[in-house]
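Next up: a single chain in structure tokens, the form predicted alone.
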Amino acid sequence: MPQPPDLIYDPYDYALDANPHPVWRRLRNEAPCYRNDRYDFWALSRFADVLGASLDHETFRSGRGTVLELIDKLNEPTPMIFKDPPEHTRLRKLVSRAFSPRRIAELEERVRDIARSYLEPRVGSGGFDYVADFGARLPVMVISSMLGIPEEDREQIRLWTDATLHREPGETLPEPGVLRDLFGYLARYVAERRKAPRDDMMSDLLEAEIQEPDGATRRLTDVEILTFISLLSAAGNETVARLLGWAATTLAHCPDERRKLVKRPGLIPGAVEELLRYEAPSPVQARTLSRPLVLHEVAIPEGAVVLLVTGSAGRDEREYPDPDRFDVERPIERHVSLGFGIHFCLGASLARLEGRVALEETLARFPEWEVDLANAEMVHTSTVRGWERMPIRF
């Protein structure tokens, strides 16, 4: 089908980012293989297409980058998510033990204690900023404690990682000094761990060995470790912070669904999955084609950049009945908001744990709230969507 000339999908448009669902619906129905000449990309928006591309990592490659504006612009070593097999496989295996189901289950009490420490002082107040004062702080405290970063420095780590993703209007690249400051800070602790290892993930990375294609083994370099740490920090912090921001707004706008969770806390794990489907915290991922492809009668050349719009896939009526309705009892067999295939989010189990515990502790103390949208503020990036500030009132 010909692409409507008035259909414009710009991932850097602030106005569109505030409510992309009408445009995403048009993409699914009118241009399921959409072409953007300005930024030189194609976009897939239907669930089946996004799922299929996620599973076909031989065709939809990540080695040139998975962020539109960073394609071919990063120097080695690049993060694990910007790699293809076999290197991606070796690196993922290296850190997967830190996110095993057993290790994540062991973290629950720590996550719960941190959540309580932020929420309990707010009891009896008129309200607070649910994201800035809680949702953005919980995940950074958890992942930073796993890495062994001192508590007094964790807020600065969050600010740096936020800045690596933020984009000003008209800009597509982050401030160049942000990564330098973040790496410079973390390098001190890597040097300390080399001299005196501790019981934390940073020390585990220093001790880990990676197998080369020829069978030889080696330790990670400092730069590789810093790349790992910055990836784990940014990915873990951003995803959960935005998930909890969407929880605050969505449950305020759907009070009947919120009451179900208060009365039946056993529904909360399913509600986390529904939130991920309904408002994907990371709604866009980029891939590069390794071969020519024809989709929906549109020819895409080898080497083309294709955006997988997971945020749109979660609202596809072809996969989910009545997709624009938020339903905490919806049976969800699958969604793509945490990725699929070999690039499935390594920290998915941790994100789900943090989301579940955060909602359990929040609803136990604050069964009702309203959101102050007039004083709310969104995060603006090409890959992460959600709230930076979301005041709530009781």
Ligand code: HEM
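Numbering starts at 1 and runs along the sequence shown. Note that the coordinates shown come from a computational prediction; the quantities given were computed from them, not determined experimentally.
FYI, the form predicted together with the named molecule isn't displayed, but the following is about it.
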query: Among the candidates 193, 92, 258, 122, the residue which, in the predicted bound form, approaches the named molecule to within 4.5 Å (heavy atoms); finding: 92
query: Heavy atom within 4.5 Å of the named molecule in the predicted bound form - the one residue of 51, 33, 346, 363 that qualifies; finding: 346
query: Close approach of residue 154 to the named molecule in the predicted bound form, 4.5 Å, heavy atom; finding: no
query: Contact of residue 45 with the named molecule in the predicted bound form (heavy atom, 4.5 Å); finding: no
query: Residue 81, heavy atom within 4.5 angstroms of the named molecule in the predicted bound form; finding: yes
query: The named molecule contact in the predicted bound form: residue 359, any heavy atom under 4.5 Å; finding: no
query: Answer range among 295-303, 275-283, 315-323, 249-257 for contact with the named molecule, defined in the predicted bound form as heavy atoms within 4.5 Å; finding: 275-283
query: Full three-residue contact with the named molecule in the predicted bound form, heavy atom 4.5 Å, for 135, 376 and 392; finding: no
query: Within 307-337, the residues that have a heavy atom no more than 4.5 Å from the named molecule in the predicted bound form; finding: 337
